[in-house]
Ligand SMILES: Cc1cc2nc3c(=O)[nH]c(=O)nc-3n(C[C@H](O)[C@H](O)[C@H](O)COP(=O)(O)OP(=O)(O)OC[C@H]3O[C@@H](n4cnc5c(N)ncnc54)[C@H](O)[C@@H]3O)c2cc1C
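Before any questions on how it binds or moves, here is one chain, the form predicted on its own, in structure tokens.
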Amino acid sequence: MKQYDVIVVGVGSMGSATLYDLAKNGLKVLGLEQFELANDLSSHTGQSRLIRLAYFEHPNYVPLLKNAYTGWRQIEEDADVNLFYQTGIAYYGKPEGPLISGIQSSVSKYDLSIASIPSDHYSPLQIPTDYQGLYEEVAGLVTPEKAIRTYAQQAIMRGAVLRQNEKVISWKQETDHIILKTDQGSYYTEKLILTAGPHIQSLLPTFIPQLTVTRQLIGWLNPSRWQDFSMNEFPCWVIEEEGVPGIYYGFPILPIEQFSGPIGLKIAYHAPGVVIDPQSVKEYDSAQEAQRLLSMSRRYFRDQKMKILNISSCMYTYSSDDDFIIDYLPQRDEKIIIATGFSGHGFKFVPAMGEILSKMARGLSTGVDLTFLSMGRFRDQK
């Protein structure tokens, strides 16, 4: 049985960054991924993800985001690749709504830079005149699949062992070590980090905080004038519609010479989707989802002739309050670390989370306040 300082189960977004940081700091580490890297059976696919500093969800996330921004630049330098593209983000919504008021709260608390823009600032959009517009210049997008592969490659180059298509069957904590059994072998480790996304509950069948896994669908449209939506002309965008939960969001058209994946204008609706079992994902009605996205595009884009080019899906793993869960598993002598509930707004935090989980495994201070993400907030949950 091979022995490691730390084993990371689930080498997706957070897992790959954690593997990298542990290897970078000289630990003997193993990453176990039950599928192939950057697979579509997890929560991290979709070609592009938003990254923003003026966080409307809660100002508590801003210090983590500042660390993440530094981390994105560091991994880009280490690997000599581009992962973060500063396109800016335009936000629109009622001034009193959660989106605009939440952004203003973070801006005020951390003295962030944000600009007001008129509703007609971007000509391809048709925004209601009573919506407030804000523009965040330092925001943009990151490329999830490329980021995961980059982190994994850099981890391996620093001595990490990565085993794909190997599923964990069970684990057991002994006095001074943990035994992990997979469908291909067994391993010893001193510390265990679980970052298995929607599959984490199969590893923790008695896990108390309630987690909900949903299917999220995204689409790519075919506009009449592609040049109007090029990455140099059009920003990422977020729209909060009055009376509708969640947000609509999207990206400029990404140049095919820099980005793999679907072509076209990507749009999506961020709100809990259909609850699913991650162990048996079923087919979905793509035509129905296409109609929802097209209906949204008719309301907020001047081009009324756009059609769907492609529909794709991934899984979100929600905690009961939509905030992340980062903590040591209770009554395990700080040997087992869990990181879950990231879905919907987690990918932008990847570098910061990799560093945090690595420090927790090494018994070091994380340097940031994670109280609001601890399991303690679920004490009354049964």
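Numbering starts at 1 and runs along the sequence shown. Given the structure is predicted, the values throughout are model-derived calculations rather than measurements.
One more form of this protein, predicted in complex with the named molecule, exists but is not displayed; see below.
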**Request:** Look at the stretches 96-104, 74-82, 150-158, 192-200 and give the one with heavy atoms within 4.5 Å of the named molecule in the model of the complex.
**Result:** 192-200
**Message:** Using a 4.5 angstroms cut-off on non-hydrogen atoms, would G344 count as touching the named molecule in the model of the complex?
**Reply:** yes
**Request:** Answer yes if any heavy atom of I336 is within 4.5 Å of a heavy atom of the named molecule in the model of the complex; otherwise answer no.
**Result:** no
**Request:** May I ask you to check whether V168 falls inside a 4.5 Å heavy atom distance of the named molecule in the model of the complex?
**Result:** yes
**Message:** Check Q216 for me: does it contact the named molecule in the model of the complex (non-hydrogen atoms, 4.5 angstroms)?
**Reply:** yes
**Complete:** The one residue among Y249, Y300, Y135, F259 placing a heavy atom within 4.5 Å of the named molecule in the model of the complex is Y249
**Message:** Exactly one residue in Y69, Y328, F35, Y318 has a non-hydrogen atom within 4.5 Å of the named molecule in the model of the complex; which is it?
**Reply:** F35
**Prompt:** All three of I356, S358 and S374 touching the named molecule in the model of the complex at 4.5 Å, heavy atom to heavy atom?
**Reply:** no
**Prompt:** Within 41-60, which residues come within 4.5 Å of the named molecule in the model of the complex, counting heavy atoms only?
**Reply:** S42, S43, H44, R49, L50
